[in-house]
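Just the one chain here, the form predicted on its own, laid out as structure tokens.
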Amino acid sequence: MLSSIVTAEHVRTYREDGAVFIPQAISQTWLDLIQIGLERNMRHPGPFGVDIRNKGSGKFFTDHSNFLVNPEFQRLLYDSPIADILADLMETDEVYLFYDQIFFKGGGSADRTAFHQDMPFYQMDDSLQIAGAWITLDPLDAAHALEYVVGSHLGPEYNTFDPNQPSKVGADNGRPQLPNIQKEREKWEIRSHASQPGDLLVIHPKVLHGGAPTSEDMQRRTMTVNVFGPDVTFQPKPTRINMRFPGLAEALQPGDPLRHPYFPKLRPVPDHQKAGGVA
């Protein structure tokens, strides 16, 4: 049974387009938790925190996989409807966290993030039981929101890219060369959504997507919540970016269900994480 937020049309759109926009899916309570957690994360970056260098004058910071040390992120994902929404879209009752990620662009102009797929970096096989929720803390017009290529999750998985030189391969996984979408935008169905805090954009990691640049007078604070369902299996892939899980390949064989302490179970909510639960 679907939640009160997700409709059958949302599910159909996610399966066919690889992305679905759900306005005002989460309340201010959860946005406040994201903001506090993001600020904590920026004050105390984890091992994957990085300032991305670009030609603009602004700051571009990102970090991921801080759920286990960030109490705000824990309460957000156990208590808010975000994991339930993702479960509905993936058509499963069982949800595991792959990683959380924050992005901050501000303090001046910052370059766009080139179009790419996340799937080539994911240590898993392709499945429709994978989803990522993109959440903004700042109002954004469509020109400054995340862009994605409609239906591209149904096409090929491309090679990884070098974030500093998007026209070059990052780590060669034997896939086709990533196309230069920005140079040939007219050939692709590119979509973005004017977004308010509380809106959710859910995209599949195989969807080609990119982050728009920021101008001197704006900031963009966003979080992504990336999850998978019980059918997803482990598949090691080469990567040169910080999407590595040390020891994972020693614990799992290719094709094994993706189960590891790195990936906490969000749904059903573990008993010790329920209100009144005992650790």
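The structure displayed is predicted, hence computed values, not measured ones. In this text, residue numbers run from 1 along the sequence as written.
FYI, the form predicted in complex with a small molecule isn't displayed, but the following is about it.
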The small molecule in the model of the complex: contacting segment from 152 to 160, 203 to 211, 186 to 194, 77 to 85, heavy atom within 4.5 Å
203 to 211
Any chance Gln219 has a heavy atom within 4.5 Å of the small molecule in the model of the complex?
no
Given that the partner is absent here, does Tyr96 sit within 4.5 Å of the small molecule in the model of the complex, heavy atoms only?
no
Although the small molecule is absent from this view, report whether Leu89 comes within 4.5 Å of it in the model of the complex, heavy atoms only.
no
Is Leu146 close to the small molecule in the model of the complex, meaning a heavy atom pair under 4.5 Å apart or at it?
yes
The small molecule isn't shown here, but in the model of the complex which of Asp138, Asp118, Glu72, Asp199 has a heavy atom within 4.5 Å of it?
Asp118
Check Ser65, Phe228 and Phe245: does every one of them have a heavy atom within 4.5 Å of the small molecule in the model of the complex?
no
